[in-house]
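The form predicted alone is given below as one chain in structure tokens.
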């Protein structure tokens, strides 16, 4: 089995072959699987090992292709249009950019029976994130199986904080004060001649990180009701409008004042990680703990230098429910081996199998089953400075679902990067916050008009 880099597809053996072009005809009993490429090799090896074990146990072959996230979604959308699809797909950002609209368009297999095999084990928010509306059948069903989850984490450099004259204890616990603290850290470091930025905000109009950051700010300022659980847009609620404007202002003002790297407007999902490793930034919000777990081979960095924290409390001191991102598995309609795909998926979500797989990935993502972290002390090991923090905010404290589970229109809002473009209108086109917010709201209303839920 050849190894895989961050930006390369996997070249596999006959049993775990990759396919860069159109899919070859497969032997009977073979399950064709597409899987999102990991951030580091351990993530890719974990899925390879999981597939090999299932092959050994069942005698059914797995034809595995590992593809980077954006390319996988593009390739799958094209395949669904012409009816040439794999049997099983794991797409890390599919819960936002793919599954809701594919379910709406009746392009996915109902996997409620797979969910039922472990229903009592799943975190309720993970199930909420997996149930979508089918416009053809005019009903909701489970069209994805949650495999792993995450919430926004805040990661920072302890040595840079200390160099600025502060300690961990000096970091505020409430939202605005917390982020303002890193502006002060930058000022202190700049006074010493350090060309370092305090805030590593992702602010591009592409990929997922920028949207994740905006929506966590939206929630922190009271905008969680932007879409109701019934799927109705609630954007004219004064509290939601105020939250949206505050999120735009609090993200763009530090950028305009020079506390965020200018290049952040062009960052892809990995670029804030790279800026952090280069110590160009003191802190960065990140959708997982990938920044820390990728440094496990460097004990000083992992155990002593990198700080992981969850989202701060609201400005009123009250806890904020974390938006739970869920990485799903789906079976596209037109798959040639649905029965074996379901069998493989049922095997993967057995708690013991899922735990082994996620531990092999170094715990970058969390289990979607609370019993796993309660039964295996590895997840809450107090000697680890990162993983228990992620578990606390993702599984033990309140979480909330993303709004595209209520209405696929919000998946289109995310795909079109409407809020991120509003940020760009402020930082690059000199719009006021009010103008940018109104334009975004107008576009969102137009988008929702295309998705009427009966």
Partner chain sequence: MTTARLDRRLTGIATLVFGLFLILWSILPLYNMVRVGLQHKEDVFSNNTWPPHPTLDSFRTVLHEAYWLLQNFWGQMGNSFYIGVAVALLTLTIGTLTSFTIGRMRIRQGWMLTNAALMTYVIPMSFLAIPFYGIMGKYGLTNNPLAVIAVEVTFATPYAIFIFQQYSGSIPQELDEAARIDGASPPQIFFRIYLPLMAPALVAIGTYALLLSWNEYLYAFLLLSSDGNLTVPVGLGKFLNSDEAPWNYLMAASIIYAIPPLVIYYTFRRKMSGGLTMGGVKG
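Since the structure is predicted, the reported quantities are computational estimates derived from the model, not experimental observations. Numbering follows the first chain given and starts at 1.
Same protein, other form: the form predicted together with the partner chain, not shown, and the subject of what follows.
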Touches the partner chain in the model of the complex: residue 81 (any heavy atom, 4.5 Å)
yes
Contact test in the model of the complex: residue 71 vs the partner chain, heavy atoms, 4.5 Å
yes
Hey, in the model of the complex, is residue 278 touching the partner chain, heavy atoms inside 4.5 Å?
yes
Hey, in the model of the complex, is residue 58 touching the partner chain, heavy atoms inside 4.5 Å?
no
Would you point out which of 146-154, 101-109, 197-205, 290-298 contains residues with a non-hydrogen atom within 4.5 Å of the partner chain in the model of the complex?
290-298
Within 4.5 Å of the partner chain in the model of the complex, do 212, 214 and 219 each have at least one heavy atom?
no
Select from the listed residues 337, 273, 361, 355 the one whose heavy atoms reach within 4.5 Å of the partner chain in the model of the complex.
273
Just to be sure I understand the contacts: of 421, 399, 50, 37, which is the one whose heavy atoms reach within 4.5 angstroms of the partner chain in the model of the complex?
37
